[in-house]
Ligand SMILES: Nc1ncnc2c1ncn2[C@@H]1O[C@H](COP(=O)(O)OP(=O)(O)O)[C@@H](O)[C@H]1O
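Given as structure tokens, the chain that follows is alone and in the form predicted alone.
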């Protein structure tokens, strides 16, 4: 039974997770996929979006803020950027399905998004043009104060506010960065109201340098140059003219993330390190009163590996390897005399048996890790370890079917 205050299950209790991804996504407008790197988060986010378009008849957008560009290839697109592109119906037909809805995809272009943000928040055309023309802005736009994380939240809010999509699935950077993704709007607002920033620009705003700061500026002028410092000051003075808009939008984004229409899906494998990271993020979501809709456990070994019957067969194969090899040798010799070597056959049988038993140890450890999850989501889904990488729409559908019901 979960603790009413934290949403956590007692350590060692099996997770509840009795719902389905189908039901979860049917009631949400925003799904934020997050988790450690290298666990299949991008493909899981895309697969969830694909299934919603196929099954719900929804107009779905998958938005990736991960710099990796794997998504376009998997969706059969030549390339994606800041502008949303529709996945053609032909791509679905080639995968053997007919979607009831539409699937669109976009990947965050940080610089382009910042330019659009400046145009939106600038108090007038002159301020907008001065910021866009400022040398400092041109050189560092998209690379300062966790701007990638901040602009991702801006882009999400902008797309959702336009109400063009029934569902938006967001693929975030790896876990620790995903926390920055959540905190970025408030951190940006804090930065533009910070004492350090005011201390830096006040002398240039007033054209007066007081006694306390004059030595600093004299040294800075010699090292960096007066023109560079002037560019910095002009840049931040202009940016502060948009402070109210930043704060207002930050509050709006925070409300959107905590809205009942938004849910988070944490993706992980059952390996110890990524699973602990995933638990950390799930706990952070719970502590922030954000909705933890699902945990998707990827690349899980099949259930049959945990069975006692399979282990018995493997043990018997090891113990009687030479006996079985002698029985197999005549048949294999007919195929190729080289294959009939009894010692070689026995070694192969022993290695195969050992391999099976080793996999069983991992499978049992995975089951233990799963049962010890400390956070209870609405949905707990597992995805088997696929023999091949997912590189096309058919593969995304195959993955999606595993998590959907």
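Positions refer to the first chain, counted from 1. Since we're looking at a predicted model, the values are computed, not measured.
Form predicted together with the named molecule: not shown, discussed below.
- [ ] Given the named molecule in the predicted complex, answer whether the residues 58, 63 and 104 all have a heavy atom inside 4.5 Å of it.
- [x] Spot residues vs the named molecule: no contact at all.
Open item on the list: Using a 4.5 Å heavy atom cut-off, which residue among 24, 390, 381, 397 comes into contact with the named molecule in the predicted complex?
Closed with: That would be 390.
- [ ] Consider the chain as shown here, without its partner, and state which of 250, 298, 113, 263 has a heavy atom within 4.5 Å of the named molecule in the predicted complex.
- [x] Looking at the other structure, the residue within range turns out to be 298.
TODO: Consider residue 39 of the chain shown here, and say whether it contacts the named molecule in the predicted complex, taking contact as heavy atoms within 4.5 Å.
DONE: Yes.
Open item on the list: Heavy atoms within 4.5 Å of the named molecule in the predicted complex: which stretch in 366-374, 332-340, 39-47, 345-353 meets that?
Closed with: That would be stretch 39-47.
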